[in-house]
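Listed next as structure tokens is one chain, alone, in the form predicted on its own.
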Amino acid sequence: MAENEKAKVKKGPSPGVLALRKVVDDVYEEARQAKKRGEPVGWSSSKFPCELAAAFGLHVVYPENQAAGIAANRNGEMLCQAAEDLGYDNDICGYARISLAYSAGYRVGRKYDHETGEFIINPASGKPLKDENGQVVLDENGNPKKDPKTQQPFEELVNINDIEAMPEGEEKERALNALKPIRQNLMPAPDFVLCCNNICNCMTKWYENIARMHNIPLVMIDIPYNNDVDVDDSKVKYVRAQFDAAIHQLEKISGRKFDEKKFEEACANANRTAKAWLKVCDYLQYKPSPMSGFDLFNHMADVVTARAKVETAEAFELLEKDLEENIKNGTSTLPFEEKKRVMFEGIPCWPKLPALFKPLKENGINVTAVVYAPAFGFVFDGLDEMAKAYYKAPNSVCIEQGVAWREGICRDNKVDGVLVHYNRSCKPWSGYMAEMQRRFTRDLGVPCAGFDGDQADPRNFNAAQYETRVQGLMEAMEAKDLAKEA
């Protein structure tokens, strides 16, 4: 596709997207059914070696993805506050606070009348009511009427432990039915936890607390920070020994012996998924891009939740075909004309996605480079390479490696600038961003802008500051173009 060609908007979810949604829905549903049958269900950090759990046929769900989903559904603040009321500091990760509150039994419920069982509607909710001509309907005071079909009940914090302690009957059924019907609100409680700290150093204490709350086993894989670009043999030996210890623990948890054949099958599926995922990420290199960079953020839940399943590999391969079709037909999932391309550094502010997207859309800026998404695509052959692969996480590598990754993606994906999220929840990641930002400007010659925010807690995001930074970045990119022309 020519660089000056404008891509047409592709409407509706593609077959690949629908297939990926089904994969994730099935993982949650299978975990809920396993729990009902009395089988152990685990909670896992996003970069724990899922291939090990798959070798035992264990059902595993992911609190990080759950926390992101809860935050995106605008309930992050409610659960963060619940965790703070339990004594957890508001300075720790928003994902951790949401997860710890959920682990303690807190859920978001829809408020209802206990006498009638009817939901109590929030009058501030809902979309404007429109007539047959598409015009907004006004009331007698000249204010827009709300479409009753789109109005939602008030939401409140409830505790599942209190509900489950209620006597069987109509009131208990009402309380259960009032739980907000999102997948993340219905994740079963854990019988064991799987933790690997390569993605985040906060993970260790977060998962230790969950294990204590439920008095359940914690399987821990420690991936030390790597000061070198390569992973030496002593580090491989250290991680391999932990793999062996984890296998022994999982044998006790599952009541089964380690199945070598299932393990090899899981590794093959994970590699196939990773290869397809990395190819999907590479489609952002096209100019204009056949998709919005925010699509990759949404699909991260898919690659984390079910990386070792063949259905996931097939769904990502289908998504590859969808994107190839976009290139062929000159279509894109980006709902506006791409004028500028940036790298988005860090995790999005999930509770503020509309506010995050709006200034980008107004300025014609597409996110065509992210480092967080491809970090979940690693390919390996055998246990030694698997140990090395799990070292390849953005928080486990030295700054030189981190800069090289990001600058390589920026060059390949033809960015005009860099937008850095100084994420209050992710201090190790954000701590060295000022130095990285300096290097991007020096090495790539592109303008950078940073904004303050949080991946899960909306109280730490300022929309006005963000809009100003995006506008400033756009002006700097345009000024660079003018200087080049001159």
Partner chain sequence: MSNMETLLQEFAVVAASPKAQLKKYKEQGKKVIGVLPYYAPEELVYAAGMVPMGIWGTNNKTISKAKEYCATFYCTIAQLALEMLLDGTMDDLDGIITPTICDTLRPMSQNFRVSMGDKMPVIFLAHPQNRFADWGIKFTMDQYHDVKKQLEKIASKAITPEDLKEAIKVYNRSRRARRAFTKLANEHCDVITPTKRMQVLKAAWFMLKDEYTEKLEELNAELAKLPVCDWKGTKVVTSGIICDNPQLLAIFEENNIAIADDDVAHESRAFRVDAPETDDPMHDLAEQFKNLDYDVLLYDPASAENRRGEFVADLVKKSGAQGLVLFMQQFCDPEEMEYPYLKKALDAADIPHVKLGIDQQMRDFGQVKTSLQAFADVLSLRA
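Small disclaimer: the values here were computed from a predicted structure and weren't measured. Positions refer to the first chain, counted from 1.
Although it is not shown, the form predicted together with the partner chain is what the next lines describe.
A single residue from the set 396, 273, 289, 99 has any heavy atom within 4.5 angstroms of the partner chain in the predicted bound form; that residue is 396. The single contact residue among 409, 301, 211, 375, judged by any heavy atom lying within 4.5 Å of the partner chain in the predicted bound form, is 211. Proximity of residue 122 to the partner chain in the predicted bound form: non-hydrogen atoms within 4.5 Å are absent; the residue sits far from the partner. The partner chain in the predicted bound form is not approached by residue 192, whose heavy atoms all lie more than 4.5 angstroms from it.
Contact check for residue 242: a non-hydrogen atom falls within 4.5 Å of the partner chain in the predicted bound form. Interface membership of residue 91, defined by any non-hydrogen atom within 4.5 Å of the partner chain in the predicted bound form, is confirmed.
Screening 347-355, 291-299, 397-405, 69-77 for residues having heavy atoms within 4.5 Å of the partner chain in the predicted bound form returns a single hit, 397-405.
Residues of 195-215 lying near the partner chain in the predicted bound form, listed in sequence order, are 197, 198, 199, 200, 201, 202, 204, 205, 206, 208, 209, 211, 212, 213, 215, the criterion being any heavy atom within 4.5 Å.
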